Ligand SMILES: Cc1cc2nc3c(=O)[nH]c(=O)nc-3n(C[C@H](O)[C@H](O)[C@H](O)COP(=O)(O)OP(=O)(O)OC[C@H]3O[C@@H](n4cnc5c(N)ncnc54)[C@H](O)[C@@H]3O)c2cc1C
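Given as structure tokens, the chain that follows is alone and in the form predicted alone.
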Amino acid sequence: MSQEGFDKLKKECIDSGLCFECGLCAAVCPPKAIEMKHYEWGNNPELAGKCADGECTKCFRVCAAKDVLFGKTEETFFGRKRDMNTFEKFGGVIRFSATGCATDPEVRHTGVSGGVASAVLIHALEKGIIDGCVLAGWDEKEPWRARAFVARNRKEVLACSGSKYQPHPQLLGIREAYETGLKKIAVTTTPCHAGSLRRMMLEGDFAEYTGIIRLVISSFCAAHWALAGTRWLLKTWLGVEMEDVKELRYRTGTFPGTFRAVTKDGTVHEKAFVRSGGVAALGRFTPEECRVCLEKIGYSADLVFGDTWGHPGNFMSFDMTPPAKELLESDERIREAAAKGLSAILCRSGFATKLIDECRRDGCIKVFENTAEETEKFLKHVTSEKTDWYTPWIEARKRRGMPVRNYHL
């Protein structure tokens, strides 16, 4: 029995402060010896059993905390590397860029912004393109704690809709999907988690897991704030102890969303999330692994969704006026839906582009394609945020001889 793999993982990725808590190391460990231990500040991979006999380095090889393989990922899964002479230099490979929303009122109502991610997953399930999807849901015993959830139908997809602003080992859901017999799955991730997923998919000896993955979806991500931040918001904003929460939503209702908690006695507690400074408040709980991350828009994912502030009806406005104007001038149902928010849509692979086209033809989403100029302006704005926020932290780590994340193009 050798701990070579875990020892390297611990030294280079965990104890170095680079681990982003995706849980893939635990998912691929043959004897399931790695456990994701919960703490207020996050989740830590720890050896809770004996490693596999012989020389096993699987846990280390799938980890993208230290090295992210953008170039190999783009060539292998998107058919080419990004064009460094265009906006792809900072936006990654992009085959299609659009703004849109779900047309189904129920899907629209439960979504954080445009609801397109839920609409696409429901379509894929109902058409047999996939037979399950790994989503971010809530723990049954601790309903304030986010966890991976394997959804198989519309109801389960909608139950998982909405952002989960806390770190959790999302990729553990891949092992659950495999062990329950699913054959074709979509996996939703944050940008960093998608990097680890692709490292696994680039390897040759993870076929049991890689063979069932049909689609990798990422959200835009500023950071995954420590669970202590959620506890602080509940206590300070709502006067609620976290252990008394029966149901939690970070953003629900009219865009850009209301922070809402239902306690065990049935009382509803809520406060405007973005307008009242919820994002800013959570920012003080940004963990160290997020402060070395410069990726916001899922460069490793087939399909990427995020908030777009480009609609005049939104709380904050970013100038992407042509599709916004077209949307405002369309029918009343779409106008009302758009007032709640829109989804930014980025397709990187041919499969993702085909799926979005199919969903649009099927009528489950309303989509307005962005011009190259609109795409460049939007992505330049979005991708510059992390560079502005976190470059000083990265430079400080380098100066002090501490490791940082390496991005390989």
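For every residue, the number given is its place in the sequence shown, counted from 1. As the structure is a computational prediction, the values presented were derived from the model and not from experiment.
The following text describes the form predicted together with the ligand, which does not appear among the structures shown.
Trainee: Would you check whether the ligand, in the model of the complex, lies within 4.5 angstroms of a non-hydrogen atom from each of 45, 63 and 196?
Mentor: No: no residue has a heavy atom within 4.5 Å of the partner.
Trainee: Consider residue 285 of the chain shown here, and say whether it contacts the ligand in the model of the complex, taking contact as heavy atoms within 4.5 Å.
Mentor: No, residue 285 stays farther than 4.5 Å from the ligand in the model of the complex.
Trainee: Taking any heavy atom pair closer than or equal to 4.5 Å as contact, tell me whether residue 230 reaches the ligand in the model of the complex.
Mentor: Residue-level check for residue 230: no, no contact with the ligand.
Trainee: In the model of the complex, does residue 300 have a heavy atom within 4.5 Å of the ligand?
Mentor: Residue-level check for residue 300: no, no contact with the ligand.
Trainee: Quick one: does residue 163 come within 4.5 Å of the ligand in the model of the complex, counting heavy atoms only?
Mentor: Close contact exists here: in the model of the complex, residue 163 approaches the ligand to within 4.5 Å, heavy atoms only.
Trainee: Hey, of 108 to 116, 264 to 272, 78 to 86, 173 to 181, which bit sits against the ligand in the model of the complex at 4.5 Å between non-hydrogen atoms?
Mentor: That would be stretch 108 to 116.
Trainee: So which of 221, 292, 226, 185 reaches within 4.5 angstroms of the ligand in the model of the complex, heavy atom to heavy atom?
Mentor: None of the other options qualify; the answer is 221.
Trainee: Do any residues of 122 to 148 have a non-hydrogen atom within 4.5 angstroms of the ligand in the model of the complex? If so, which ones, in sequence order?
Mentor: Heavy-atom contacts within 4.5 Å come from 135, 136.
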